[in-house]
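The chain below stands alone and is given in structure tokens; this is the form predicted on its own.
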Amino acid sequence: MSRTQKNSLLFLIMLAMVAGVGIVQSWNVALTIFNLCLISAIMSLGVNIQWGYAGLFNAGVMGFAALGGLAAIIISSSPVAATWEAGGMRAILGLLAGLFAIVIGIFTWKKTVTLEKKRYWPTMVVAVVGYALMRLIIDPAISTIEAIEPAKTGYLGGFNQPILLSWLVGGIFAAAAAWVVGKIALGLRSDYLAIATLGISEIIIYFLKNEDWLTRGVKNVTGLPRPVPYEIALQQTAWLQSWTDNFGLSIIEASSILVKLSYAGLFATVLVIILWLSETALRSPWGRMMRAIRDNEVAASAMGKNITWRHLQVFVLGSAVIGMAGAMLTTLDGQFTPSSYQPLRFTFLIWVMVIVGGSGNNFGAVLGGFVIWFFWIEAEPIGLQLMDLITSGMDESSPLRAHLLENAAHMRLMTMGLILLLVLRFAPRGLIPEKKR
């Protein structure tokens, strides 16, 4: 069997498993899993760009995904007139003061290079004064904004634009944050880079959880607009009512399936575009250069390549893809919940996707996103059925049987570990390994 045939077979098996869920459970569940798999595949591609192309270990995946979610509420939610009138412009002025302080600090740092170690002092003075000025301006505005109907609003809202635009803006937000992080951390050794990105990710999520005036914090932003029709609108159409009569479906189920198929079409389109761009970049001279830097930085540097600059490029590109995926996830959920971004838990999942699929191979990253998310969702019902089968010979009142059935959901983490161990044992380079060109 050729490599192409093998890879095609793997994808067909994966699609057959999703279809099996539709047949055994319901097509609504199957399409929900499929949509989440598409988003996971995009996020996995972003990590693969950083790790597979350049060997950069980013442990702050969820921070960049959260910035994508932030873009969704800033772009698509409606502005709250009362909070803008009370302190909106002063809050913007405070942010501009902080940005101005950063610019002045960078300028001071560059202009005091001749002072050597003493250059830290004027830069620190500029940073402290700038931060104090920003807080002096913005704190009263924040207090005023958050006091206005905190149960309903208590934040500025957004620009009321189409939520599809937020996917692009989410990528820009994540890319901008990655540029700042990269300028600080990319000169560090790989283990220190991982610690730095994880810490910065925690800072981003902590900020989103606590700045109620911008994100409503843990009170969440709900009711975000959709890029697809609402079920209730579809249920009132004559063509759908006729279609459901022909196929024997309830109109509620049919409308839900159509909405999920619409989401799947949008997500699949974005995935195909990013996959095509990633493959084009990987096959280009730039891609060969990145792999050369990954394999031997010393040799690449000796050939005149600017290692730090190239690392910054690929770090920004990968983070932009992750940010887009984060905005897409918030769009699918219809709400922004900062507390759901758990860096250690879900960053681990994304990395397992890349490892299982095949680091350095874009198609492997996509397959890994599908495989891992599918089993992450289905491990609980499969585990429950397995435990029910194992304990079928026990008495109904057995405490051991009750304990095993109650804890079947915990098989999710065990399943992830088992998949990872099996792949590392029998396919150490992943299901679709990197092709040496």
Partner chain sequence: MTDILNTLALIGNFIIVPGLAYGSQLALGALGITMVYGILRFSNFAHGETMSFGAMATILITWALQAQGVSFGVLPTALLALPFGILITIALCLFTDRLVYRYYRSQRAEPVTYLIVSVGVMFFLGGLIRFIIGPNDQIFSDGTRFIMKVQAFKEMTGLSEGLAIKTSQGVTIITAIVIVTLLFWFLNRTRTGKSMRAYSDNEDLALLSGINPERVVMIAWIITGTLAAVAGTLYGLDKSYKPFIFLQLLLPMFASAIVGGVGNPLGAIAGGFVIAFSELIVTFAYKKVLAYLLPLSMAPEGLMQLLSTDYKFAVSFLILVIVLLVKPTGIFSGKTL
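Numbering follows the first chain given and starts at 1. Computed from a prediction, not measured in an experiment: that's the story for all the values here. Whichever C-alpha set is largest while still superposing within 1.5 Å between the two forms counts as the rigid core.
Here the subject shifts to the form predicted together with its partner chain, a form of this protein not shown in this document.
When contacts are judged by a 4.5 Å heavy atom cut-off, residue 207 counts as touching its partner chain in the predicted bound form. Taking the partner from elsewhere, residue 12 is found to have every heavy atom lying beyond 4.5 Å of its partner chain in the predicted bound form. In the predicted bound form, at least one heavy atom of residue 421 sits within 4.5 Å of its partner chain. Remark: residue 385 does not count among the residues lining its partner chain in the predicted bound form, judged by a heavy atom distance of 4.5 Å or less.
Listed stretches are 27 to 35, 64 to 72, 40 to 48, 396 to 404; the contact stretch with its partner chain in the predicted bound form is 396 to 404, by a heavy atom cutoff of 4.5 Å. A single residue from the set 230, 348, 286, 276 has any heavy atom within 4.5 angstroms of its partner chain in the predicted bound form; that residue is 348.
Think of it this way: in the predicted bound form, its partner chain has a heavy atom of just one of 118, 189, 152, 110 within 4.5 Å, and the residue is 189. Along 194 to 220, residues 194, 195, 196, 198, 199, 200, 202, 203, 206, 207, 210, 211 each place a heavy atom within 4.5 Å of its partner chain in the predicted bound form. Residue 10 shows a C-alpha shift below 2 Å between the shown form and the other one [criterion: core-superposed Cα displacement of 2 Å]. A displacement of 2 angstroms or greater separates the C-alpha positions of residue 423 between the shown form and the other one, with the rigid core held in common.
In the core-superposed comparison between the shown form and the other one, the C-alpha atom of residue 391 has shifted by at least 2 angstroms. In the predicted bound form, the Cα-Cα separation between residue 421 and residue 57 shrinks by 3 Å or more relative to the displayed conformation. Relative to the shown form, the CA atoms of residue 13 and residue 426 are pushed 3 Å or more farther apart in the predicted bound form.
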